[in-house]
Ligand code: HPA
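Here we start with a single chain on its own, the form predicted on its own, put down as structure tokens.
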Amino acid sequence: MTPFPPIPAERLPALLRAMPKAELHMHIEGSLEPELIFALAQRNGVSIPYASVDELRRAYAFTNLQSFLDIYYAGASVLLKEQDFYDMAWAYLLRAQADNVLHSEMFFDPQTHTARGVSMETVVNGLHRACTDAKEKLGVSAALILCFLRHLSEEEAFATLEQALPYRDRFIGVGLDSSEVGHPPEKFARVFARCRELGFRLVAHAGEEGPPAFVWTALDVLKVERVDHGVQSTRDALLMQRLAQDRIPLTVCPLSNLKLCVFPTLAQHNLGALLDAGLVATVNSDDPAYFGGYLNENFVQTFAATGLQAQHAYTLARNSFEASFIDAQLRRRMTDRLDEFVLGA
């Protein structure tokens, strides 16, 4: 492992911003900024229950996951046409490039849109076109992961999978998101088994507000390769051993955890404890338009609050490439870029 040279504290924020990294837990609908919501509402003739951008931003005072989801789904109502999905993804990918993100794996929630009469083709094609352009025009590698909404039924997830299969070459995996409490991973055992048979990469949200037991069942029943969030895992010593031994990545989202009251303060976040235990923890932005920061802000604010150092930053960035679903050759190239950056720091 390439060690960082000693970095003065005042230089750490700039290093965090410039460091090459990957982002693996970002809901593309959660990157929809209020300004774009209003622009798309006007373009599509959609009425939204807020008079201004400022009024909408003031509504971003969440007490838990559900209070966020209520606004999240309202914001998504402005997305109707393929160009809308392209514009949303492109806006995020420009920010990713500015944050020195080399690779992004973006979640999307087709059920949020098909329930409103928007076709799967419209959703997938708009997002995929932005991913293609990002590689060609920005030098950013980007891929899509289709997520099932866990507050809906497994039968509805199966129906969504069937709708998506004609476009299976345009997304690399499936995940599970939305309201965690009351919806354990095993609710979706059969549809994940089918996705595994089809060769999709598997991830699931678990252990954000839900208990460590949800992480166990995500691993053992859904057989996921990566756990999204997973911060409640520190409550179970055996689970922590399992995650470390099997190199199961956790896609941690610090500012999201703060905004949704998973931790009372950022200083109390357990990212450092996860790293100290040898887990493949990564830093991500989750729903950055709603939670106060894209990837670099998650790094800078979390490091300032917790006292994490440059070597932690290197570990987190290296973990992000290890945990990604890119091929071995591209992973080596990206890791080499990180090591070259460190040597020049």
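Computed from a prediction, not measured in an experiment: that's the story for all the values here. Numbers for residues come from their place in the sequence shown, where the first is 1.
Just so it is clear, the following notes concern the form predicted in complex with hypoxanthine, a form of the same protein that is not shown.
Hypoxanthine in the model of the complex comes within 4.5 Å of a heavy atom belonging to residue 178.
Interface membership of residue 69, defined by any non-hydrogen atom within 4.5 Å of hypoxanthine in the model of the complex, is confirmed. Although the partner is absent here, residue 99 lies well away from hypoxanthine in the model of the complex, with no heavy atom inside 4.5 Å. At a distance threshold of 4.5 angstroms between non-hydrogen atoms, residue 65 is in contact with hypoxanthine in the model of the complex. 229 is the sole member of 229, 269, 128, 226 with a non-hydrogen atom within 4.5 Å of hypoxanthine in the model of the complex. With the partner omitted here, the stretch from 118 to 126, 69 to 77, 155 to 163, 230 to 238 that lies within 4.5 Å of hypoxanthine by heavy atoms in the model of the complex is 69 to 77. Shown without its partner, the chain has 205, 208 in segment 185 to 220 as residues with a non-hydrogen atom within 4.5 angstroms of hypoxanthine in the model of the complex.
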